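Take a look at this one chain, the form predicted on its own, written out in structure tokens.
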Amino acid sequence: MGTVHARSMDTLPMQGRDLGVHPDDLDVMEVQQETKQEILENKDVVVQHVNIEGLGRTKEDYLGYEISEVFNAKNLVDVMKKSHEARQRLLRLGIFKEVEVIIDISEGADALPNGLDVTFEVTELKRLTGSYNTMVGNNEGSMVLGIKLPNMFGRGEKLTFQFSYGTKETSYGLSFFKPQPGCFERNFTLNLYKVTGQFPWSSLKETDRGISTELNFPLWMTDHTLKWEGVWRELGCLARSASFAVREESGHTLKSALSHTMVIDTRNSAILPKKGALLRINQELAGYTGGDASFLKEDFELQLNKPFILGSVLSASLWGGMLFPIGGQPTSIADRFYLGGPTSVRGFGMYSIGPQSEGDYLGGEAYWAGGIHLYTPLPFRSSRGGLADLFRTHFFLNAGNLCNLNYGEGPRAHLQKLAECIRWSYGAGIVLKLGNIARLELNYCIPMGVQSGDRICDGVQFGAGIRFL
């Protein structure tokens, strides 16, 4: 995307009378060059001017927060380092196509002997851009078309229209994004959307029309999201053979909910990490701002990754959640938890663990799932890398349970029920990492602890997605 160019303040003659030695005297010349280079790197410098060239509609005051650290550099190496960091921050804003950096000595009447000028040459994105790409979700694929108006008012604002057509879901939406100057991670988003989804494991189809607002902000080592969502939901039967329990859920409901998500993520990769940890805690409260749905929903995700012997990685995951109805109203099939499939408890059909009626899975109000995984490099791979580096062999042990609870019985009874009828599985397979977008798994699974009504996949199972247990 770009290069940092620098010109030294003092040219270094390589031979001849300027050095005062004969060019064949290589030992003396090497010593003098190394000394000169060391002096150059440690020499104090002053960044006198920082210029940004190529701006059109972007406001200069908005970019001042991103490049201010360059003025604090004390030597040439520090100038190059801080200039590179500033370039990365400028690219992160999503308003420039290219950013180049040039470091040169200061010129002019006010130039200091050790003064430097840093110039950022930027190329802005067009006012209107389009995109076409494919997206991988949890065991489904989508074609996505988008139209974007980046940097609408000159301070990083973005208006996006997106249409997605997938194997199970079709959606379109309009969103407006506004970052805070000087802190890109603190931003505000407004969304208008319509989503139509099919859920064959429940013989259910759902159409959501809604509006949501999000506020994202960092706090110490954590990232937080505050969200309000108002959505008009239309539930219907996907097939004539849908069970009576699903037909009872059909109709229109209005959901208004407040939610908060906290994330701590130290992993080196979100798709196939080699080290680090992830903690995600989410709370959702519906009903107190209006609507038909009234509940409190709590869920979490924990993942630990640690390098193991011979380039392998040992990973452990734990998921869990509970759904508490409020006001004596029953929970909706659209709000409950689902478990099972190639992205959670492998060896079972997609979301086919837990309460069901006539073959339709209704979800549960409480669940937990855990897994231990060993990822190893492919055997006999080339030491020079290549395509084989995208693959890993995979050994796993998964377990979990999903059920409904009687909330009048107390916490001990809840834990006892979640500990009953545990489903578990083990197996091995191959994992393919698709950049930082998604991953594919082809596993041979052996399901155990199968209960009446569970749908199993005994043998080869294929999975694609972003979030895996």
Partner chain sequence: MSLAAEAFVSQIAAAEPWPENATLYQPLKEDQILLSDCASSLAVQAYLRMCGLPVQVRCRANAEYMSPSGKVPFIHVGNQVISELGPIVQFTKAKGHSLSDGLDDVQRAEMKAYMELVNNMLLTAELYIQWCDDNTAAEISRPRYSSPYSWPLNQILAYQKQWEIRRKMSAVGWAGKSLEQVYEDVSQCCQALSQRLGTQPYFFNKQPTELDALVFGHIFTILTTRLTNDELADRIKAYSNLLAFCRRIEQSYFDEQDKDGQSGSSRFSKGPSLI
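Here the structure is a predicted model, which means the values were calculated and not measured. Residue numbers count along the first chain shown, from 1.
Omitted here: the form predicted in complex with the partner chain. The next part is about that form.
Checking 84-92, 172-180, 236-244, 294-302 against the partner chain in the predicted bound form, the stretch whose residues place heavy atoms within 4.5 Å of it is 236-244.
Although the partner is absent here, T253 is a contact residue: one of its heavy atoms lies within 4.5 angstroms of the partner chain in the predicted bound form. Under a 4.5 angstroms non-hydrogen atom cutoff, the partner chain in the predicted bound form has E248 among its neighbouring residues. At a distance threshold of 4.5 angstroms between non-hydrogen atoms, F184 is out of contact with the partner chain in the predicted bound form. The partner chain is not drawn, but in the predicted bound form it has no heavy atom within 4.5 Å of F161. Think of it this way: in the predicted bound form, the partner chain has a heavy atom of just one of W232, F217, F71, F395 within 4.5 Å, and the residue is W232.
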